[in-house]
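Shown here is one chain on its own, the form predicted alone, set out as structure tokens.
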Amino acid sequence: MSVVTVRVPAKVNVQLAVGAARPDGFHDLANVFLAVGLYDQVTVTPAHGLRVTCEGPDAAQVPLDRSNLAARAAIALAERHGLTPDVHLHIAKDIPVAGGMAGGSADGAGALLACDALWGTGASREELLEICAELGSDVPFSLIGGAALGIGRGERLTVLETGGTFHWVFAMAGRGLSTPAVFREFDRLTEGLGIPEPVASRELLGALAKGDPDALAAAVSNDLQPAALSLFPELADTLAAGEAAGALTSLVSGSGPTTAFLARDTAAAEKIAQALRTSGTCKSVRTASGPAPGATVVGAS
């Protein structure tokens, strides 16, 4: 093959339960992921050396060196199979950058699947997931998509059943939030408190399985939200604007700063989106539904 293109979805965390800091600095999580229909596309072609390019909203914020997760994915796969990562990785971004929706992780998973196809390495799904886990906590979910419970750092996944489609509105903030900074703020806010072991909510898993938006709205939670709001207090205004427009519930997506609003149906989502666009509380607004498929080859020749 001379060119392979892979499409990869964004995610929203419908539950993010966070445990105390571990000796290695990470936190144990019970992280319920739902993939949604906002996508990046990663196109790979043979090249002389490793090169990364990017286009799309906020592309200027995306690193184009070997720190980029797409580049790291190509390097990791090449090393395992005795290859040289001579490949041009082109990322067409549509997932918000630094928005808590796993855009960088999506690019890593997309590049991994695309390079596997381009080079014909024949890596098993288990090997690909192992490499994903080495790259980052959210990368394995970007590969599989749908809905899943992640434990450990979030990288050990159990696929979850969903009984319907959930409609979402996402409001992008005017600046980013650093995930490590949000976790540090979580540690500061919870210092001296007894933090329970993170576990998935039975009510939430049941709501996903039934496809019941009202039950899901009653069960969503994000233990990082207080930390995100502490670092970015203006997000509270965005959350309030979406709820005033009829959202069933609102929450910060992952470590933020993107805020997510669950709507009853497509029409309700459009109404909420329009209200947010005119609220003056966010930079831009998108609608999407989930679950969406994980990393998928959409073009190869």
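When you see a residue number, it is the position in the sequence shown, counting from 1. Everything numeric in this text was worked out from a predicted model, so none of it was measured.
Another form exists, predicted in complex with cytidine-5'-monophosphate; not displayed. Remarks below refer to it.
Although the partner is absent here, residue 25 is a contact residue: one of its heavy atoms lies within 4.5 angstroms of cytidine-5'-monophosphate in the model of the complex. When cytidine-5'-monophosphate is considered in the model of the complex, residue 88 lies well away from it, no heavy atom lying within 4.5 Å. Under a 4.5 angstroms non-hydrogen atom cutoff, cytidine-5'-monophosphate in the model of the complex has residue 136 among its neighbouring residues. At a distance threshold of 4.5 angstroms between non-hydrogen atoms, residue 210 is out of contact with cytidine-5'-monophosphate in the model of the complex. Of the residues given (273, 29, 52, 62), 29 alone sits with a heavy atom within 4.5 Å of cytidine-5'-monophosphate in the model of the complex. The contact residue chosen from 163, 196, 180, 174 relative to cytidine-5'-monophosphate in the model of the complex is 180, the criterion being a non-hydrogen atom within 4.5 angstroms. Stretch-level contact analysis of 78-86, 213-221, 136-144, 92-100 against cytidine-5'-monophosphate in the model of the complex, using heavy atoms and a 4.5 Å limit, identifies 136-144.
Taking cytidine-5'-monophosphate as positioned in the model of the complex, the only residue of 144-168 that brings a heavy atom within 4.5 Å of it is 153.
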